[in-house]
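Presented as C-alpha cells, the chain that follows is alone, the form predicted alone.
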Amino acid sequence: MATRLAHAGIVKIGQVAVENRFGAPVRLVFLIPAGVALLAGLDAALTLLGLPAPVRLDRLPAVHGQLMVLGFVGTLVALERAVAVGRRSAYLAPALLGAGAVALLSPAPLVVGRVLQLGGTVALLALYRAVWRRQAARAVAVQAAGAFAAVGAALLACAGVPVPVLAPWLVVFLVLTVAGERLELMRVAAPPTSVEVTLLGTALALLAGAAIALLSPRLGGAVLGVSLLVLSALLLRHDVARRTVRADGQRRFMAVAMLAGFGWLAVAGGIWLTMGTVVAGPGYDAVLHAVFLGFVISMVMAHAPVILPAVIRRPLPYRPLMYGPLVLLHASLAVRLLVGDAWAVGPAVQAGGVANIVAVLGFLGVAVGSIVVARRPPRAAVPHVAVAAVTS
C-alpha cells in the first residue's frame, strides 16, 4: 500500500492520505539545501579523518554534525511531513532547516544558522501536532518525541554547547523518527499493545537519558544504552522486515537494509552502556557512525524508492545495483568500527571512513540515474485525491 500511495503522489500518515499542495518542481527546491548539507558534511568528514578534502573551510569540522543531522536528514524528514500535511505553511520547517544549513556554510556568524535550524525544529514539532490532530496514535507520539529532541539539540547549539556534548539529543532525534515510522508499519501485523507501550516508554527513556547525560555522562549513557538495546530488540522481533526479507526485489532490499540497521543500533547501545556518553575518541566515533551511517543512512537507502517518488512525483524504480552501495556501507562501517575504533587502528578508521563516503555517494548516483532514466508515468495515472482513507 505504501508503494502504491507513493507512486500516486500521496503520503500516508496514520490512516489518512492527503494531496500534495506544492508541485514537484517547487518541492525540489527544498531538496537542494539538503543536498548541499550532505556534500558539505561528507567533505568535512574527510577533514575530520585527517585526509585531503575537495573544499577547505575552517568552520566545516565544527558544523559537521549539524549539517548531516539537521541540515540533511532533518530537512528530508521535515519535507516528507510537510508534503503529507499538505498545507503551504507546513513547508516552513524544511525551509528553515535547509536555510540554516546554508547559513552554517556561509560567512555569516554561526549563530545565524543555529537560530534558523532552531526555528526549523520548532516548526517540525508543530507539524507533528497537526498530524496528532488527525491521528492520535502512539507512533505519532514517538516521532514527536524525536522532534522534541531535535529542538533540544538546536537550542543547546544556540547556547554554544559543543556538538559532542549535545550529540545524544541528535541521536535521539534520528532514532525516534525512524522508530515511530516503523511502529506505524508494525500495526499491519497487529502486535500486542504491550509492544507499542514499551516503544513509547523507550522513547521517553531516551529523552530522559539525553537530559541526564548533560549532567552525568556515565549515568546518562547507561540509560541511553539500555534504551537503544531494548528498542533494537523490539524492532528486530516485531518489525515487518522479518517477513519481507523472504520476499524478492524491492521488498527484500528494503528488509535487508532495515535489519542491518537495527543491528548497528544495538552496537551503539552496547557502547553507550559500557562507556557512557564519551565526547571524544574511538567510542564517540563508533556510536555516532553506528547510528548515523549504520542505522539512519541504511534506513534512507531502504525507503528512498518509496518516499522520493511521493516528494518529487517521479518514479525511483528499485534496481539490484542498489545492493552495491548498501553492502559497501555496512562492510566499510564494520572495518571502521570493529577494526579501527575497537583496536585503535588509525588507517582502518580512515579506509572505512572513505569507503563510507563512497557508499553514500554511490547510492545517490544510482538513485539519480534511476530517476533520470525511468519513464514518467502517464499523467492520468497520477490521480489528485484530496483526502482518502486507506488501510494498511
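One-based numbering along the sequence shown. Please read these numbers as outputs of a predicted model, since none were measured by experiment.
One more form of this protein exists, namely the form predicted together with a small molecule; it is left out here, but the text below deals with it.
Open item on the list: For a quick test of understanding: in the predicted bound form, does each of Val69, Val73 and Asn356 have a heavy atom within 4.5 Å of the small molecule?
Closed with: Contact check passed for all of Val69, Val73 and Asn356.
Task: Heavy atom contact within 4.5 Å of the small molecule in the predicted bound form, the stretch among 28 to 36, 320 to 328, 41 to 49, 363 to 371 - done: In the other structure, the partner sits against 41 to 49.
TODO: Please check if Leu170 has a heavy atom lying within 4.5 Å of any heavy atom of the small molecule in the predicted bound form.
DONE: Flag for Leu170 set to yes.
Task: Ala62 within 4.5 Å of the small molecule in the predicted bound form, heavy atoms - done: Ala62 belongs to the contact set for the small molecule.
- [ ] Check whether Trp132 has any heavy atom within 4.5 Å of a heavy atom of the small molecule in the predicted bound form, and answer yes or no.
- [x] Heavy-atom contact with the small molecule at 4.5 Å: absent for Trp132.
TODO: Look up in the predicted bound form whether Met301 has a non-hydrogen atom within 4.5 angstroms of the small molecule, and give yes or no.
DONE: Because no heavy atom of Met301 falls inside 4.5 Å of the small molecule in the predicted bound form, the answer is no.
- [ ] Quick one: from Gly263, Pro315, Pro164, Gly270, grab the residue that has a heavy atom within 4.5 Å of the small molecule in the predicted bound form.
- [x] If I apply the 4.5 Å criterion carefully, the residue I get is Pro164.
Task: in the predicted bound form, the residue from Leu293, Leu231, Met258, Ala78 that sits within 4.5 Å of the small molecule by heavy atoms - done: Contact with the small molecule in the predicted bound form is made by Leu293 alone.
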